[in-house]
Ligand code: FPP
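Just one chain follows, in the form predicted alone, and it is written as structure tokens.
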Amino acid sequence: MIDDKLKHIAIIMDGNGRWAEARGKKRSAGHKAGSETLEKIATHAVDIGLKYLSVYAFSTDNFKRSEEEVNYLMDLFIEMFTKNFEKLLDKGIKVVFSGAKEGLRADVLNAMDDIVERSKNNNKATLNVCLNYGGREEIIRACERYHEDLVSGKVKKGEINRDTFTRYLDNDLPPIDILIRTGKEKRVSNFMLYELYYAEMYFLDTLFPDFTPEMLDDIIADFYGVERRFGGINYEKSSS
């Protein structure tokens, strides 16, 4: 089981389309398979005691994809939030969203608002779904919120530091301890840039639909073997 050393895992769920294409299927089949994998991973994560899980569901830049693929994804999100996530709610998971609302269809926003409302009192774990999301854009939104509080006198200059600034982000979450990216690429792709500052990063060749709870367990086991110094030095170890 997980202890306080590990509070927050983030996953860039990459490779759904390539998973489908490798099997001679439409990309939509990969996104559907990926949604099923997400449910399994989120359920397993809460079962082993993880408190926070953030997932990159759809970046702002993903709107550059074909209209057919984008519309399929939006329909899939509605299905996930109105039906498939019921299992997660039964597990006591609170669902929140990071990202911009501008540009999303009204029916998608309604499904998002509905699951946020229905899960708001759940307290066993939090699933942060990053949808229409960009990390740099989130920091800009946070700066705008801080500026509004500064101008209105709610805060004074110098009161905010790098830890308390997180309350101006889309969601006030603990720092990310582990970042996992599936799908062979080795970059963070504008994902939760402020929150990743001391994350341990794991880049996997595995495409997301093939990512399993057992793989997550292996990464967590490896994480517990890492000495995290956050810029400091373990003088006892270095002198031994």
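Residue numbers here begin at 1 and follow the sequence given. Just so we're clear, the structure is a prediction, and the values are computed from it rather than from any experiment.
FYI, the form predicted in complex with this ligand isn't displayed, but the following is about it.
Contact between Glu69 and this ligand in the predicted bound form is found at the 4.5 Å heavy atom cutoff. Looking at Leu216, you'd find every heavy atom of it more than 4.5 angstroms from this ligand in the predicted bound form.
Mapping the unseen interface onto this chain, Ala57 counts among the residues with a heavy atom inside 4.5 Å of this ligand in the predicted bound form.
When contacts are judged by a 4.5 Å heavy atom cut-off, Leu38 counts as touching this ligand in the predicted bound form. Highlighted residues Asn62, Phe77 and Val129: every one comes within 4.5 Å of this ligand in the predicted bound form, counting any heavy atom.
Judged by heavy atoms within 4.5 Å of this ligand in the predicted bound form, the contact stretch among the candidates 168-176, 43-51, 28-36, 197-205 is 28-36. In the predicted bound form, this ligand lies within 4.5 angstroms of at least one heavy atom of each of the following residues of 5-23: Met13, Asp14, Gly15, Asn16, Gly17, Arg18, in sequence order.
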